[in-house]
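The chain below stands alone and is given in structure tokens; this is the form predicted alone.
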């Protein structure tokens, strides 16, 4: 159909408003199979642990994690109703309820230690990379020195130094938890500091940063609006991978007997306290060791898969990411 001027009328579709970078990243995360599959399995483990806390931490409830039943010790799985789904230990305590509480403690220590590690690592890495000069050299030499110290020895020294002081203000159980995630977090930020420093040094040499300096933008504007947003991807991926690392470190320390104090359980302490009964060659109580270790292994695997999926999302060079 022609107009009066002799031109053909064409239909122009309305322009779609472009998505913001945050919304675009969210859509990519949702479409990444590793992320939603690993996230679903992780939620299936974490949500029951959290939702049952009002019962598992209530001494008046039959689901109390330290409730001892002398008539039902060493019960195999499946006997005694839902409480006996995972069996019981030598004191008649339900492995199910202790695993639920142990999951909350392990995840809480892992998340708290990861947050502390990310805050320290990002702050020191940003300062070293952005300032450079003697500040960079001093901070990196401190990181090198801490890398050379034995990890377990550092945690033991931190526990000995901090726990008596915190016990004056908190209950022994709270002080033990706080000291553990402080000890793990204070020695887990070294790698992240190096990663962030390397990213900042790489970004400082990019043309868009040079353009920002050329137009006269102040340093704090360049730092907040152009350098920090470009670090969200690497920091998010590293933080996701730090959580399973912290959980595994807590399990290792509890297995050695220098982690969470009994009777409060974690997945690592459950494996430690039940290993003798579970590995008994005459009458093995395998369920006391198997279920906490399975939950721990599944959680670590799902968090590592989640970190891999986020890495695929935030790395533009990776294509065709599949399971």
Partner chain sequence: MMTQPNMMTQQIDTTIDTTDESIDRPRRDSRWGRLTGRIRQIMSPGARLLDLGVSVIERGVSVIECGTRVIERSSRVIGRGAGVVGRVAMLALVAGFVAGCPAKESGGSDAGAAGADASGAAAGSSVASTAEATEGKRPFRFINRGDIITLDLNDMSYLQDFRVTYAIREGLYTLDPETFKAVPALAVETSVSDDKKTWTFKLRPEAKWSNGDPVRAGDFVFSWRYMLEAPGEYAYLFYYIKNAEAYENSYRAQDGAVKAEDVGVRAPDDLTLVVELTNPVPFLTDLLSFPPFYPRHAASMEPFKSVDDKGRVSYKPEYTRPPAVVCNGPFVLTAWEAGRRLVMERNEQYWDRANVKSPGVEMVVNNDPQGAFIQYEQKQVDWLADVGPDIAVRLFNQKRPDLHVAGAFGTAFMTLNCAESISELPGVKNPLSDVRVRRALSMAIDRTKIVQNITRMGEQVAERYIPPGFFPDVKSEPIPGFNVENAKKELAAAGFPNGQGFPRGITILYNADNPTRTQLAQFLKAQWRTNLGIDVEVKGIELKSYRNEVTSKNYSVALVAWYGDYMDPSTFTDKYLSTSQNNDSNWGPAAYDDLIARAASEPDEAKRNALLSQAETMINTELPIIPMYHYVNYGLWHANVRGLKMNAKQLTVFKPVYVAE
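It should be emphasised that the depicted structure is a prediction, and the values quoted were computed from it without experimental measurement. Residue numbers count along the first chain shown, from 1.
In what follows, reference is made to the form predicted in complex with the partner chain, a form of this protein that is not presented.
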Q | Segment assignment from 112 to 120, 93 to 101, 179 to 187, 76 to 84: heavy atom within 4.5 Å of the partner chain in the predicted complex | A | 93 to 101
Q) With the partner chain left out of view, which of 211, 156, 228, 221 would have a heavy atom within 4.5 Å of it in the predicted complex? A) 156
Q) Counting only non-hydrogen atoms and a 4.5 angstroms cut-off, does residue 46 reach the partner chain in the predicted complex? A) no
Q. If you check in the predicted complex, is residue 51 within 4.5 Å of the partner chain, heavy atoms only?
A. no
(Q) Would you classify residue 68 as touching the partner chain in the predicted complex, given a 4.5 Å non-hydrogen atom cut-off? (A) yes
Q. Any of the heavy atoms of residue 42 lying within 4.5 Å of the partner chain in the predicted complex?
A. no
